[in-house]
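Shown below, as structure tokens, is a lone chain in the form predicted alone; questions about how it binds or moves come after it.
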Amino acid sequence: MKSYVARRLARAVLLLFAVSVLCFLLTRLAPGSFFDEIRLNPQISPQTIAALQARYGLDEPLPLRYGRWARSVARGDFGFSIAYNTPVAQLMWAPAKHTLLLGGVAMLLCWLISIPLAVWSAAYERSWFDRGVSALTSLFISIPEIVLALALLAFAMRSHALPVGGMTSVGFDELTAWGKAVDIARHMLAPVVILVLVGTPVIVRHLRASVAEVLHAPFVEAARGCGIGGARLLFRHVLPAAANPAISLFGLSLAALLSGSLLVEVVTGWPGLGPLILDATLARDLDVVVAAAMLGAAMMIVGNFAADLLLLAADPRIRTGSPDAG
């Protein structure tokens, strides 16, 4: 078990290092820079622009620039934002918390909805309930995320049923603690609904297929012969046996926590990392872009590592090194 965890940790560290090198090099080799628009201003001399580039180390060779950036990562700064004149970590801290709040709530609701839907759909295969779940999941899988976001945003704006844009209302500081929580929840509702409609169908499809396969296993027939049935059979015996694909999917959903919410944040005006990354990309504020890419890679690695640990705890074949382990 210790060697299994050690191998996963070593692989995660190497992967994160490789991603950092690749992201840094690709962003620096791309054409254009933060000072391109400044060069168009005739009142700013080329000598001034050259001095600014030297101040931020943009005239150094790429290996030196990467080393300087890596040292800033070791200090916890994750580079320096030229546009905001501040370390990237300070700039991203508040939006990252908002993104994690939004994505975490959406992911929790996705799994709370998907597990019973998938289990009961597999248990009542070819029933009207199963056909209805399959039709709805097919519908929402086929609709692009941007279309769902724009449709819900248009509904919210025309009906005035939900607040659109921002995280809080005017006069938020004057509300009680409960009132503040309700106000934030109302602003979260639209982006959370979009993320749930996008994420739930995929989880339901994968989990239903896994549960349906286990339902035909001999031990399930033996359990039915012993008088075990209904919800006890499904959730206590069948679901744990079908857990391996679901655990792997949970790791992927945790990895998609950041990337899945960025577009929704931009469309709905949620003050998370999405608008910040979009502005940084358009302004060529490269350290912010690299930090966002590294955050996404770190979440993917953490998600896969969490899935590996859950599989290690759930599947004895992995602990014993069995060749049949998934």
Partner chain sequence: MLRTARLCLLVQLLAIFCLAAPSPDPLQPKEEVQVCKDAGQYGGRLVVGLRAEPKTLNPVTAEDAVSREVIGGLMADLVHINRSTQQSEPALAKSWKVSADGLTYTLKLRRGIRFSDGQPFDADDVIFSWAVYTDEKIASPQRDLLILDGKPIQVTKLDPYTVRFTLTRPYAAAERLFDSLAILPRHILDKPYRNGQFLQQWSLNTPASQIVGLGPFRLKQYLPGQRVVLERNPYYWKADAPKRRLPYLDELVFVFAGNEDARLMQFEAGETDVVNRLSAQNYSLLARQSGGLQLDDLGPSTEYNFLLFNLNELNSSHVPEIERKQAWFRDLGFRQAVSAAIDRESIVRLAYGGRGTPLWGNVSPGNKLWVDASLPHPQRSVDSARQLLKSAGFSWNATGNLLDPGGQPVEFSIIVASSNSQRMEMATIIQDDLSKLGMQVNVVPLEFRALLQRVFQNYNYEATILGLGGGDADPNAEMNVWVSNGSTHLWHQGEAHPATAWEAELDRLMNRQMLTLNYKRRKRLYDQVQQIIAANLPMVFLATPDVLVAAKPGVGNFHPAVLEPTTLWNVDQLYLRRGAEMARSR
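Positions refer to the first chain, counted from 1. Quick caveat, the model's predicted, so the values are computed rather than measured.
Form predicted together with its partner chain: not shown, discussed below.
- Contact annotation: Gly251 falls outside 4.5 Å of its partner chain in the model of the complex, judged by heavy atom distances.
- In the model of the complex, none of the heavy atoms of Ala181 sits within 4.5 Å of a heavy atom of its partner chain.
- Residue contact check for Gly76: none of its heavy atoms lie within 4.5 Å of its partner chain in the model of the complex.
- Its partner chain is not drawn, but in the model of the complex it has a heavy atom within 4.5 Å of Arg284.
- Stretch 165 to 173 is the answer when you ask which of 188 to 196, 165 to 173, 67 to 75, 101 to 109 has residues with heavy atoms within 4.5 Å of its partner chain in the model of the complex.
- Proximity to its partner chain in the model of the complex, defined as a heavy atom within 4.5 Å, holds among Ala123, Leu117, Leu153, Ala246 only for Leu153.
- In this stretch, 12 to 31, the one residue having a heavy atom within 4.5 Å of its partner chain in the model of the complex is Pro31; the partner itself is omitted from this view.
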